[in-house]
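In the form predicted on its own, a lone chain appears below as structure tokens.
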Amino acid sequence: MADEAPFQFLHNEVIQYIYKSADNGETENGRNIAKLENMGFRVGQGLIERLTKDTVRFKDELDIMKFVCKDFWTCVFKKQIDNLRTNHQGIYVLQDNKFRLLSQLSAGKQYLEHAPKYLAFSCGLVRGALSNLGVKSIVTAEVSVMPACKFQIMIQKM
């Protein structure tokens, strides 16, 4: 657990750096989110390579998602996903009831507008991990009550 605090500190500092280095107009917010998501994408690719180097090949998409929810999430966030749901048609919803990167923020409704910038890196992590496992996807996150969040993964068929 000693590595959790430096990771959260680094994550917060990266967000602050990206947002302060740009002129913060309304059009810049989307660009800042994209930068964070792209950083997460690259980190997710590297992490999944290390985690899967000694594992057997996955049977199907659901096995990949289970691996992401258990092993990958545990490696990054020190806990498994609380809930995985699917419609068996390429949409998965991962629910984390106490998301570590949001747990440091206040639970007030006024902080919900800041949640997307704290989730962009994590969306990129998941998308990068899935990409390296051969699954092209779109990953979005939503928060209705802090610190719980839902990641929606839409698999894109090739």
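All values reported here derive from a predicted model rather than from experimental measurement. All residue numbers refer to positions in the sequence shown, first residue = 1.
The same protein has a further form, the form predicted together with a further copy of the same chain, not shown here; the description that follows concerns it.
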query	finding
is_contact(residue 33, a further copy of the same chain) in the model of the complex, heavy atom dist at most 4.5 Å	no
Contact flag, residue 121 vs a further copy of the same chain in the model of the complex, heavy atom cut 4.5 Å	yes
Touches a further copy of the same chain in the model of the complex: residue 10 (any heavy atom, 4.5 Å)	yes
Residue 90 within 4.5 Å of a further copy of the same chain in the model of the complex, heavy atoms	no
Output flag, 94, 117 and 138 jointly within 4.5 Å of a further copy of the same chain in the model of the complex, heavy atom basis	no
